[in-house]
Each structure stands twice: as C-alpha cells, then as structure tokens.
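As structure tokens, one chain now follows by itself in the form predicted alone.
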Amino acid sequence: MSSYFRKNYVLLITLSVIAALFVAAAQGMEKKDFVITLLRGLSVGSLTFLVASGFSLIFGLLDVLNLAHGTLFMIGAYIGWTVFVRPDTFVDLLTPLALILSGFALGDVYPLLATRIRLGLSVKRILPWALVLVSILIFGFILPRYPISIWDVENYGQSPVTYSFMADQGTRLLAPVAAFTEISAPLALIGLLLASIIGAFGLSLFNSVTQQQFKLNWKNYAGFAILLLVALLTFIFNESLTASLTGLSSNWLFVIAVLVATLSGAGLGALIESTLIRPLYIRPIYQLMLTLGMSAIGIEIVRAIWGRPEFVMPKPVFFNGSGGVCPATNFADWWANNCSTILLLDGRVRVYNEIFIPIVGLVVLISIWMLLQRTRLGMVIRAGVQDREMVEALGINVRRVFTMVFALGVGLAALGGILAAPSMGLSNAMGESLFLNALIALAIGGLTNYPGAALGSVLVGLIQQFIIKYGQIGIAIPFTDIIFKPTPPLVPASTVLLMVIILLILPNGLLGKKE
C-alpha cells in the first residue's frame, strides 16, 4: 500500500484538492441547490461520457482519431426522433436502408473474390472506380424515385418543428401513404441490392490487403441474409407495421427509438470502418482529414433532411406526467403518477434529465468495462491491438473484431444522442458542443483510459453546472461586500482551465498511463 502511495501521490493529492474544492463549493449553497446542481452535473457528465467513451474505445484500441464522433452523436438523436415522432417514415426507410447495407455485410467475402480475378494491372486500377461509379449511378436513379412518406422542411406546417410540437401535445400527424408511381417495386428492390453489392465490392478493392488467413463460414453471410430478410418483411408488411408502431404507447415507442438509434449508429460505424477507415490504418493524417470531412458532410445531410431550426423531442409518458400530485414527494408517488419532476430536499428535480440519464450512464460504464475485461471478445480485442498477426494466425478474424469495436464506439455516441434529444433538444450544433466537452473530459481523465473517460466526464459536467449555479446566486468574496457572478462564457472556460491545470500536473491525465 505504501508503494502505491509513493507512485501515485501526485494523483492522490490532485484528486483530494478537486474534492476539497467541490466541498467548499457546496458550503455556499443551500442543500436543495447543491443536490439539484450535483444531479444536473451527473446528467451532463453522463451524456458527455457516452460520447467520450466511444471515442476513447476507438482511439485506445484502434488508434483512430474519429473527428466525426460528435456528428454521429447528432445523427443518433435525429434518427431516434424520426422513429419516435414519425414511425411511418421510419418504416418506409427500413426496406431501402436494409438493401443498401446488405452488400456491405459481405465485406469478408470480397477479399477472397478479389484474389480470383485475373485481370491486367491497368484494368485492376480502373475496376474499383468503375464499380463505385456504376453503383452511384444506380443509386442516383432509384433513390429519388423510391416512395417515402416524409416531412417538408420548406413548409413550416409540415416541418419537423410542427410534428414535434403536435407530438408533445399528444397528437401524432402522419402524411399520406407513399406509393410506387415513377418506378416499379421489383426494379427498385433488385436495383438497390445490386448497387449495394457492386459498390461494396468496388470499395473493398481499394484496400491493399487482398489475402486473408481465416476460412469463410456461415457467419460471413449471416449479416447479408438478415438484412435481406428485414428488407423483404418490412416491404411486405409496411402498412401493418406502420399502424402497429403508431398505435404503441410513447413509452414503448421510446424504447424502440433508443434501440434503433443505437443499432443504426453501430451499423453506420461498421460501414465507415470497413469501407473508409480500414484502408487508412497506416495513414493517420488521412484518417483525420477523412473523419473531419465526414463531420462536415454529416452536418449538411442533417440540415438537408431535417432542416436547420432547433426543436425538442417529446418525452415519453413515463417521464412526462403533470398535475394531480405532481411534483411527486417520493418515488412511490412518482411511479404511480409518472411525474416529470420529484421533490428532493424541497428542490424540484427532473426525473428524466437528472435521474434516468445518470442511471443509464452508470449501466453503460459497468457493461462496457465488463465486456472488455471479463469476456472472450474483450480478450480478443486487447490481444488484436497488441499483436494482430499472432491473433490472425490463431484463426480469428481481427478485421471483423476491429469493425465491431468501431461500431461499438459509434453506437455509444448514437445512444447518447437519442438520450440527449428530449433533454437538450435537437440542433445542427449539438454534436460539436458535446464532442468538445468529450475531448476535454478525455484529456482530464486520460485519453485512452476507459474509467478515465468516466471520471473526466463527471468532472466536466459538475464544474459546468456549479459555475452556472454560482452565476445565479453569486460568490461572496472574502473580507469584502463584493458578490461575483460568473458570466456564461466562463462555463466552457472553466473546463478548459481545469484541463490545463491537470495536464500541467499530470501530462497523461488523471488515470492515463505513460506510453
């Protein structure tokens, strides 16, 4: 124990000073203000952690700086909103999206196919570009003609803002059912499937790795079969599925929205890694440029589809009760009446924001840590990072494992996005602000340390909320009559200042290890 203190005395002193500062900050508040501020800090910290943990996993295990992580957080929020507010649009999109992704699910098959192509060197150089171009042309012809029931960002009465407002009032507006008119259904379905396979195969040819040291089995085709089955079933039962989702309770619809947003983020992450990141593992500068470009493109796509105005996603009924005995005075009353707020020490606490979100953050923290430390997959991930060739020699598909890690990281960001939508609202800038907080949290806690991401995120959330609260009540300057009230610009500046101080004392962060 004494040797541990000798090795980590700087860290222990730093943590003690931080804890003492928070204790001192609590002395200047009433108990109810302190509890509310503490819970709000944990809420912000939990959302920051979901972004920071995904980024930390990707960078720590794959050594990839994903600068599009904040944008993927934002996309998760908008996807979740679509499922929750416009289930008809979600169902219409399932078939084309499943067909588009189906070709990429055969990613393990394409390298083996490429080795059997006997063509000249010049043809092999042109073939990838030609296949991708053909795929883009087919998609460009079919997708604009594919019938999808969707909103109109140019018409305020049919914009996402209006649909969100009406859903919050308990009225769900649905557009007329879209039908095939400009193109036949069989041509659209077959064309999307072929375009997906052609495009995915073309992109795979850009990867210089043409040989694989593992055998193909049914698992390599399972993803393709599942996506194809989803596409067919959702196409056949489109109307009945739409009616079922529309008639669901908002609680169950919210659960579905969370699952869909998280899985969509994971699928998008797997697609990005397998098609764009994989050929650039030995080119870190190109990774930075690519992910930065994807971030800008993602923001413009969101603006084109959902528009620029900000709007709030309604909370499910389970967290949105009002009137009667609300705000609840205890958890039994809250459970019986689903109050949106509960009284703790005479302070009103928002159940969804300050209780539910921190609980989800804690569950994710424990689950991912157990996955990495206590499962065979976690062992393979850590071993693959240390010695990829040795793990491949054992017959393990390391490329697939790395894709799963990237998918997991993006899935966590998308989960954070859908959870943030009812609390902080949806905007084109929501990803950038959370991503900046996440980077600061990682620098404080340790860039590649998973528990460090949690610690740094909590500190960032707490310090921001304490600064916001003291901006309202003011800080009494000792031995004077001056009351100092921090201004809003000091909120982000305070976290940057904390980061600078910690990095000066501990260059690798609080829990970071020396490389």
Partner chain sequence: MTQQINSRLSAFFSTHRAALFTLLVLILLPFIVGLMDGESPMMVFANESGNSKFAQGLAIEIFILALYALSFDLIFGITGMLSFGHSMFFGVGAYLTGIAIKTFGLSLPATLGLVFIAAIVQAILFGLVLPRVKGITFALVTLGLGSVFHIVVMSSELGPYTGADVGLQGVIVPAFISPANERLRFYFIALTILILVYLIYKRFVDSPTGRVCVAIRENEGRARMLGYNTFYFKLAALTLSSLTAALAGFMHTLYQPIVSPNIAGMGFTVTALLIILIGGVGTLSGALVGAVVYRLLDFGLRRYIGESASFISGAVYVLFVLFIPFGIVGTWKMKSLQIKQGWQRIQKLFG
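Remember, predicted model here, so these are calculated numbers, not experimental data. Positions refer to the first chain, counted from 1.
Quick note: we don't show the form predicted together with the partner chain, though the next part is all about it.
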| query | finding |
| --- | --- |
| Residue 447: touches the partner chain in the model of the complex, heavy atom cutoff 4.5 angstroms | yes |
| Residue contact check: residue 223 to the partner chain in the model of the complex, 4.5 Å heavy atom | no |
| Contact flag, residue 290 vs the partner chain in the model of the complex, heavy atom cut 4.5 Å | yes |
| Partner proximity in the model of the complex: residue 308 to the partner chain, non-hydrogen atom cutoff 4.5 Å | yes |
| Candidate stretches 416-424, 189-197, 75-83, 274-282 - the one whose heavy atoms come within 4.5 Å of the partner chain in the model of the complex | 274-282 |
| Output flag, 231, 259 and 270 jointly within 4.5 Å of the partner chain in the model of the complex, heavy atom basis | no |
| The single option of 239, 300, 182, 346 touching the partner chain in the model of the complex, heavy atom within 4.5 Å | 300 |
| Among the candidates 252, 335, 129, 156, the residue which, in the model of the complex, approaches the partner chain to within 4.5 Å (heavy atoms) | 129 |
| Neighbours of the partner chain in the model of the complex among 423-449 [non-hydrogen atom within 4.5 angstroms] | 436, 439, 443, 447 |
